[in-house]
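One chain comes next, on its own, written as structure tokens: the form predicted on its own.
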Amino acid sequence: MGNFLGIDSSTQSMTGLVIDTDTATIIAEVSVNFDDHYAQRYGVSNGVIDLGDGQMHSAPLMWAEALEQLCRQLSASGINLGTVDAIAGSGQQHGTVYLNDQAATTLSGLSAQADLAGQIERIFSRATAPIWMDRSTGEQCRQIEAGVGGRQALLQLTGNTAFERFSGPQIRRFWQTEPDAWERTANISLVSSFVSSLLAGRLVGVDAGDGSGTNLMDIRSRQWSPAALEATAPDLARRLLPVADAAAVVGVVHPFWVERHGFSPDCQVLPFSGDNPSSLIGLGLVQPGQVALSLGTSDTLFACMDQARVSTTGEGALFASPDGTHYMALICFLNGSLAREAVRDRYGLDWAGFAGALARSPAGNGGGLMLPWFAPEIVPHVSAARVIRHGLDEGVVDANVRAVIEAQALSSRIHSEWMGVAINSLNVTGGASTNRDILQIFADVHGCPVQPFETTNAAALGAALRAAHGHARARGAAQEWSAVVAPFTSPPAAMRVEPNTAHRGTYDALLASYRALEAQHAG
């Protein structure tokens, strides 16, 4: 088919990943670190501007500069940008960019004779953009929920309760605190739609994947909800473009990118999506029941669902999938590697010693259980750090090592039940995915195959795969999503870990015990 570029504009960097679908290979991956290039100019640290009082912003002009730098680095890496057939991308979710009435005209009239950032510096009604780390909107969250009839009403309507980091509360706070700037605002973009607008030279709408992280979109119709808009800010509807079809080409790249960076004039641009929904595609989760677990500082579970089911207890977020059909559940467990490392360090082990302890200890751990809340936990909600042991001697090294892994596997099974889907496969990423004893425990607890899935950037890969899918659809040669993702998301069969059926009864019994222990101590 050709070459396709996926761009991921994250909190700390902008990454470009190019895939060749003819050879099913990633042929380039480069990244622009914001602190390395722009810390002094934009006052960012770890890509963020801390304004105090929980206000965490970033600089849209910085993203524009990074986009040009990314193109230069891709060219320097040996990529001929003229061979790129289509571009899609992802952006850190929830961040809002506020544009004035000059934006549309300025974007359409870009000149290749000048830097992008210098040409667009006057299009903003607000110089900085609040991002997902912003914690200043607690009052606005309560107001929005009340405005639609309560917390459960907003949950059922948009798929999520009001979160401080979500776009809707950010918008409401801006209207309340900066009314003059609000009046100068003609369009509100998200990080994703802002970057795609720069490439297309026209304002591009938010796709449903990113729109479902705003508290503003009806999760089932995939359109802006009049009730949610009215509860958020006056005249908000006229400041938002309609929700975009994620698979529909919005046009070709603006001549600026052709003349200045060598793109083909036929290179197509698709709507960008959020980083989490893009990662769903990049992890190959395009069929209901497919689940991935990222074993990082926090453990994050991603799942593909066939219906818009919500977590009434607020344990998971729900987004629309950019595949246009399915939905994405996201659950975050704070005590991921944080807990694994705490146990490792408590017993003076290295990772080889940790693996040895797992291998020596029996499945089910003799009934010994641990609630490994070494820090306050998100799922389940635990307000203060504490570690609970039940039938477990703190002095027995092997048993404690196994207890922390079994706890994480059992917790992931319990707290994914609200999704209402049978988990039939589990892709595991992150540092802990290299340990087959850890993978065996997850396979046995979930009763499904587990396979390590190594990708440098799932969001950027997902974006590139979306570009390939949209390009084929535009040519009248649409492919099934499973066929698009399979060449890039199917690890060798030898890496797969099958569940040990002899352990199923052991873990079903342990699940009941763990559920009861957790219910006793959570909250």
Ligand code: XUL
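Each residue number is its position in the shown sequence, starting from 1. What you are looking at is a predicted structure, and each value in this text was computed from that prediction instead of being measured.
FYI, the form predicted together with the named molecule isn't displayed, but the following is about it.
**Student:** Just to be sure I understand the contacts: of W257, F319, Y98, F194, which is the one whose heavy atoms reach within 4.5 angstroms of the named molecule in the predicted bound form?
**Tutor:** Contact residue from the list: F319.
**Student:** If the cut-off is 4.5 angstroms on heavy atoms, which of these, F453, W132, F442, F354, is the one near the named molecule in the predicted bound form?
**Tutor:** Spelling it out, the residue with a heavy atom inside the cut-off is W132.
**Student:** Would you point out which of 89-97, 150-158, 257-265, 232-240 contains residues with a non-hydrogen atom within 4.5 Å of the named molecule in the predicted bound form?
**Tutor:** So the stretch in question is 89-97.
**Student:** Decide yes or no: are T11, R165 and N276 jointly within 4.5 Å of the named molecule in the predicted bound form, with each residue judged by its heavy atoms?
**Tutor:** So, yes: the whole triplet contacts the named molecule.
**Student:** Taking the shortest heavy atom distance, is L330 within 4.5 Å of the named molecule in the predicted bound form?
**Tutor:** Although the named molecule is absent here, L330 would touch it in the predicted bound form, with heavy atoms inside 4.5 Å.
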